[in-house]
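Below you will find one chain, with nothing else, as structure tokens; this is the form predicted on its own, and questions on how it binds or moves follow later.
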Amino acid sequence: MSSEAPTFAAPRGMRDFYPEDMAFRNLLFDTWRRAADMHAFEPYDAPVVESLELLQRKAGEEIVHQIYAFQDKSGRDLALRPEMTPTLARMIAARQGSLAFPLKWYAIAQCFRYERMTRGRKREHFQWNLDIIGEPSLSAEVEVLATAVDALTRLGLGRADVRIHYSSRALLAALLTAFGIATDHHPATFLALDKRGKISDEDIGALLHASGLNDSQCEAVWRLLRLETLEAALAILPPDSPVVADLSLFTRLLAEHEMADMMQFDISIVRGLAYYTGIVFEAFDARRQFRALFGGGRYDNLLASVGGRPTTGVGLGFGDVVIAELLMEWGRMPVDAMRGDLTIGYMQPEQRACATTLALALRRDGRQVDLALACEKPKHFFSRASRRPFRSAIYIGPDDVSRGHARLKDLETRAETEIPLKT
């Protein structure tokens, strides 16, 4: 029998966050919060454990089979939430009569899905959710997109770095009908098309056939997917179609918000969740090296499905995994913003009181200050300061105490500034 101590790791697909990981996570969360606050979204939150029945109301979707489900000690069927939108719908339905619509809410939610892991996909992730509830106009879609673009800008990604691909479930449904595919086949067709790029076209064809489409209908679906421009898609529909009017207005609103250059019509954007009903979108890096940065769209039936009154909704989910991988690979990780501010060290126990007094004074002035917990030799102190890393450092020796001044050293430029020890 082995005497070696067992070694443990985080469960497969889950993550540990060491201090350097938390530094980026905090910066990302702060960025999301600032962008949401600037656009007047209100924060909300909810338990990470949700009723399994609520999550299963979208039965038949892939996500149902990815839920981490369990029973509590009273035999209740519960689950770790795989997404936040059903919880949002539950919360709003519970107070629908007392809320003032439209609502603009946001959350940063930890979500869990048991799925095959690939680049940019784990079994646990944090997701920034933006939702506007009770606004039927297309301004809601544009507002959530503008807020997400604001966050990308704050993270250092320019307009040329990201493309937002968009389509419309309503447009796709109208085109399928125009191509002779009955409405009862639309949900299965949407789910099959959402897998494009994830499985082979042959497998998608098999899914379409399995949903009841014949050879000519499958060919019609492929013809539909070959439509490359919004104009070509709209030309198939009657000019007085509400879908034509909505998408024409949507493009005008994007231009007014100075986002038209970031948008790209893409008939293949479907979104796998069945509750979407209108415009849908996904954002990708312009080089298409990564999975979608964020995605979302309009959902107008979800509240009714959880017992609320029918109410329009638009939502967007922006995950933390892909954006971190992109910034790292592109050399855009905001390292400087994650640095510590100032560290103070001292040579001998006799200088500890002086160092402590200086640290307290600087903290009262609003500075972030790391105070050494023990005396250190200069070489060890500056080595530790560079590993953290800190922007600047003060090292106090007996000569500094005697003359009442110490040197504040910029650890990047190596420049030094004299500061008084008594502030």
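Numbering starts at 1 and runs along the sequence shown. Quick caveat, the model's predicted, so the values are computed rather than measured. Definition used throughout: the rigid core is the maximal C-alpha set that superposes within 1.5 Å between two forms.
The same protein also has a form predicted together with another copy of the chain, omitted here; what follows describes it.
- Shown here without its partner, the chain carries S139, R367 and L371, all of which come within 4.5 Å of another copy of the chain in the predicted bound form through at least one heavy atom.
- A415 falls outside the set of residues with a heavy atom inside 4.5 Å of another copy of the chain in the predicted bound form.
- Residue contact with another copy of the chain in the predicted bound form: Y114 places a heavy atom within 4.5 Å of it.
- By the criterion of a heavy atom within 4.5 Å, G307 is counted among the residues contacting another copy of the chain in the predicted bound form.
- Looking at S386, you'd find every heavy atom of it more than 4.5 angstroms from another copy of the chain in the predicted bound form.
- Heavy atoms within 4.5 Å of another copy of the chain in the predicted bound form are found in exactly one of 205 to 213, 183 to 191, 255 to 263, 228 to 236, that being 255 to 263.
- Only one of the listed residues (L293, I132, L171, I164) places a non-hydrogen atom within 4.5 angstroms of another copy of the chain in the predicted bound form, and that residue is I132.
- Scanning 28 to 45 for heavy atoms within 4.5 Å of another copy of the chain in the predicted bound form gives R33, R34, D37, M38, H39, A40, F41, E42, P43, Y44, D45 in sequence order.
- Superposition of the core reveals a Cα shift of 2 Å or more for S392 between the shown form and the other one.
- Superposition of the core reveals a Cα shift of 2 Å or more for C375 between the shown form and the other one.
- Taking the rigid core as fixed, one finds a CA shift for V49 smaller than 2 Å between the shown form and the other one.
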